[in-house]
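Take a look at this single chain in structure tokens; it is the form predicted on its own.
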Amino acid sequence: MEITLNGVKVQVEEGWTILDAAKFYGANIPTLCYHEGLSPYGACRLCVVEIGRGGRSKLVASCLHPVREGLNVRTHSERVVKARKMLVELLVARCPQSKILQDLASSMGIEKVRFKPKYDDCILCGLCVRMCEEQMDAKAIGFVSRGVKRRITTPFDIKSEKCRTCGACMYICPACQLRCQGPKADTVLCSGCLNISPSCLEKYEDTMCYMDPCVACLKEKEGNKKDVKKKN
């Protein structure tokens, strides 16, 4: 099949998701609840992309949305980047002690979190549940309740006989990997590895490259500043 990926017509295989196509052609889409060894879940929505054209475009989770003939996909449009930043802000506010979330925030150039931090120990990404069921074949943990009361626990909140204490759930959990400053850091954001926001979004509706971290525009900005100083 043929789709348009960031303005370029490309060939894709039937059965692929948009995320599969983007990865194949080198368009880096950030993910969190997605893992190659597990079934797609689409909980975090961080892999969101924009499909369609003009006023009829919409945001979808690329890990779940299948490709189809003639599909138009934009992986780094201004709308997509804003949505991803908002999602990461919300996730960091929920679990600021997570190194993985802090790294995501830094890579996206997020310099502040506008939401009150909660310091929860779970972001409900479902990675541990799927790992336990699909890779460990145990089903020792699962989701209970709904809405704000939704959480992960063992059946009836008692020690599960199915659990082999293998540690796979902790290995894959993003909340278990603590940030460099430890669980009692003074600030909500670490910003130790802060990247700059793509300056091309200020002029165009899409990013112009997929460098990670984005350094070319930074050099251009520094060059412009030096030119201005020389003129003055």
Partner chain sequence: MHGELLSKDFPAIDAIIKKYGERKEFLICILQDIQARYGYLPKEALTRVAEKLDIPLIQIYSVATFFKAFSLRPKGGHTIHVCLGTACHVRGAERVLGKIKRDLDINVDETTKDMNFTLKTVNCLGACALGPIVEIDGKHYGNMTTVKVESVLKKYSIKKME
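Positions refer to the first chain, counted from 1. Given the structure is predicted, the values throughout are model-derived calculations rather than measurements.
There is another form of this protein, the form predicted together with its partner chain, and it is not shown here; the text below is about that form.
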Legend entry - in the predicted bound form, the one of 81, 110, 128, 140 near its partner chain [non-hydrogen atom within 4.5 angstroms]: 140
Legend entry - its partner chain: the contacting residue among 86, 71, 144, 124 in the predicted bound form [heavy atom, 4.5 Å]: 144
Inset, instruction - Indicate whether residue 155 is a 4.5 Å heavy atom neighbour of its partner chain in the predicted bound form. - result: yes
Inset, instruction - Specify the contacting stretch among 115-123, 91-99, 72-80, 146-154, defined as having any heavy atom within 4.5 Å of its partner chain in the predicted bound form. - result: 146-154
